[in-house]
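Just one chain follows, in the form predicted on its own, and it is written as structure tokens.
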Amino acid sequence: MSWRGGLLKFCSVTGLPALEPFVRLAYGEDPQEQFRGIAKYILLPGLAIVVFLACWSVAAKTIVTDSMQLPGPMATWSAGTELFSMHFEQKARDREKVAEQMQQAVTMVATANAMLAKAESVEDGALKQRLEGNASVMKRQAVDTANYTSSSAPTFVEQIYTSLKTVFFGFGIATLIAVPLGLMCGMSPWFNAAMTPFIQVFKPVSPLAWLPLAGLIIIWAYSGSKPGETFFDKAFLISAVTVSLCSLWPTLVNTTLGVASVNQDYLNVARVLKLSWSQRLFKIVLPASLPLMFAGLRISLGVGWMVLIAADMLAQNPGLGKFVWDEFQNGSNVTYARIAFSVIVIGVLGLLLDRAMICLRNLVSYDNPATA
């Protein structure tokens, strides 16, 4: 494939048609047509953003109460840069504290070694035993000091990381449940008939209704466990399970539809070739249903990202939802600017996740993304 074909293929697979006119223009194709594409994908959205920012600025000057004011674009940007600055300052302080603790641990080990050396030269048995005991205690304290971990509150960037980790964990659980169930529903009309009532009843349930039940199950599973003894934090699991319960349905339904829509000719060929059940599944059914399955995964990830914010708020999982809730409770003069910035970050991250899923979907659509 030529460079031109490879670049155009990249634009198609990644779902970035805005780059296509630049590639075609670089290879000398109809400049007028390509400038029209650039105006459509770059200039027009840019103009829409400028108009939106202007309207936002006007609204910020208009919507003012005795104690609150809608933050404008500049105030929101300043709040965002301040949040990132606070993260880097906190990380620098943490590194200094770790280095200080490590130096202190080294000093304690040296002191303990000096005590042991002194104990060897002492003839008094009681004093020798006391020195050795003190040296042993000091070495244990040195180990604790060297293993120091910061207990500072999570920064905005760390809360973003926690949210991404939670949504991927919940999305992974949902995928592991939904795909096998969808395959069985698609391949067996009897199993599909048995599952349909559950799908129809539970699919529209709000995350706010699932969360208390998810919390109950996690609290039951963690009963008898002490903090620090479990691999996952309780609030993290409650949020992740809530995300799973709300996001598995699109994947389940689309996988069922994809498997049920496999061309009958393919299945007839499988019968003629006397393929086994597993060969029919992995060589025909799965490849043919992948586009619709990935379309469902894309919707599931979007649903999971939306649900996560509410789940974080209610479960107190230290992610973006908790950040928004804490800022709302805080009530400082930058509260709403920080909330507005977090809204933009949530939207941008959702867009990036969606783009990633579009890319994966196009990779399995056999050069026909429209089918997905």
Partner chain sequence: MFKWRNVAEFWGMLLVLIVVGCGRSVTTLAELEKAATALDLSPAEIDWEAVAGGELLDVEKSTLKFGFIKLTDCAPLVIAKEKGYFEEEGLNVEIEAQSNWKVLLDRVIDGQLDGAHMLAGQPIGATIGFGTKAHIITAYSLDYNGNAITVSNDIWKQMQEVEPALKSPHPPHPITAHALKPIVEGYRQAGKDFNMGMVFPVSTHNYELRYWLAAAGIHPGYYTQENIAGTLDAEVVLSVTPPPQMPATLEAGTILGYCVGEPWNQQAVVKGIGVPITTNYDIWKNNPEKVFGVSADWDAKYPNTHLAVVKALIRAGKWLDETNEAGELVNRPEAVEILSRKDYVGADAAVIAKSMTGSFVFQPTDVRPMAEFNVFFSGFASYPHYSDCVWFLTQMRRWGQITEAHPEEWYSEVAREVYKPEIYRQAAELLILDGKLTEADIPLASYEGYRPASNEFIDGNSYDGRDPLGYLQSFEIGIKD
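Note that the coordinates shown come from a computational prediction; the quantities given were computed from them, not determined experimentally. Residue numbers count along the first chain shown, from 1.
This protein has a second form, the form predicted together with the partner chain, left out of what is shown; the following refers to that one.
When contacts are judged by a 4.5 Å heavy atom cut-off, Gly28 does not count as touching the partner chain in the predicted complex. Residue contact with the partner chain in the predicted complex: Ile344 places no heavy atom within 4.5 Å of it. The closest non-hydrogen atom of Asn192 lies beyond 4.5 Å of the partner chain in the predicted complex. Contact annotation for Glu33: none of its heavy atoms lies within 4.5 Å of the partner chain in the predicted complex. Of the candidate stretches 239 to 247, 184 to 192, 264 to 272, 281 to 289, only 281 to 289 has residues with heavy atoms within 4.5 Å of the partner chain in the predicted complex.
In terms of contact with the partner chain in the predicted complex, the residue from Leu208, Met74, Ala146, Ile217 that brings a heavy atom within 4.5 Å is Ala146.
Residues from 174 to 202 do not approach the partner chain in the predicted complex: none has a non-hydrogen atom within 4.5 Å of it.
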